[in-house]
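Take a look at this one chain, the form predicted on its own, written out in structure tokens.
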């Protein structure tokens, strides 16, 4: 089949999911339309045809995709449209996130043909999976994109494709709240970059050094955009949890790929 448009839909607080989704899309050829949902809540449906392709990507937070993305992801409506789903996690485990993305796309009339769980530097504990995706990861991401391109070229009929099988369990892992939240220190220049880019509006212009713990999802956006490196996770509770987390999750994990047979 020939793809008319490649739609990228993603949430990417630290820009890593964006990087990975773009790298996959570059292997496919064809016009690319990006939908960055990190700071955007869609309210109107986006209709795709069976000649389009959707690549959907999300980071994994406590084993699930960010709940604030679901309403926007549900605005993408397929019509027997092929989809590639990507979860990005910080070397602990992706639990039910990939399954959740698969169900979400299928429920909106997409046909998932491939899925992948890639590793990135942890957004709360950066000593875990530091500087990932690294060169080895990027090679695997590129190879995944190429395999998807070959599969799409070989598919003649989307109607009778078997269901893609991915890891995950029902019921999904219960959504938990992370008790650790970033804040600003004395280096804060009150430039308000964090205020303008926080996906959950958990930082106010009146006091940009503080964070509303009820709204914060610990995504790390404020940390990566801060021009003075003032924002980070601080305090004894963080240091205590950090040491335990690093010890438990320091062993390198590799990407996991799920793809339909290219002989279809």
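Note that the coordinates shown come from a computational prediction; the quantities given were computed from them, not determined experimentally. Positions refer to the first chain, counted from 1.
There is another form of the same protein, the form predicted together with a small molecule; it is not shown, and what comes next is about it.
Notebook entry, point to check: Thinking of 6, 35 and 74 as the candidate spot, does the small molecule come within 4.5 Å of a heavy atom on all of them in the model of the complex?
Noted result: Zero of three within 4.5 Å in the model of the complex.
Notebook entry, point to check: Does residue 178 make contact with the small molecule in the model of the complex, using a 4.5 Å heavy atom cut-off?
Noted result: So residue 178 counts as contacting the small molecule.
Next item on the list: Answer yes if any heavy atom of residue 218 is within 4.5 Å of a heavy atom of the small molecule in the model of the complex; otherwise answer no.
Entry: The answer is yes: residue 218 has a heavy atom within 4.5 Å of the small molecule.
Check: Wondering, does residue 120 line up within 4.5 Å of the small molecule in the model of the complex on heavy atoms?
Finding: Contact with the small molecule, yes.
Note to self: Quick check on residue 167: any heavy atom within 4.5 Å of the small molecule in the model of the complex?
What the structure shows: Contact with the small molecule, no.
Check: Any idea which of 120-128, 183-191, 154-162, 140-148 reaches within 4.5 Å of the small molecule in the model of the complex, heavy atoms considered?
Finding: Of the options given, it is 120-128.
Check: Of these, 62, 225, 195, 28, which has a heavy atom no more than 4.5 Å from the small molecule in the model of the complex?
Finding: Checking each option against the small molecule in the model of the complex, the one that comes within 4.5 Å is 62.
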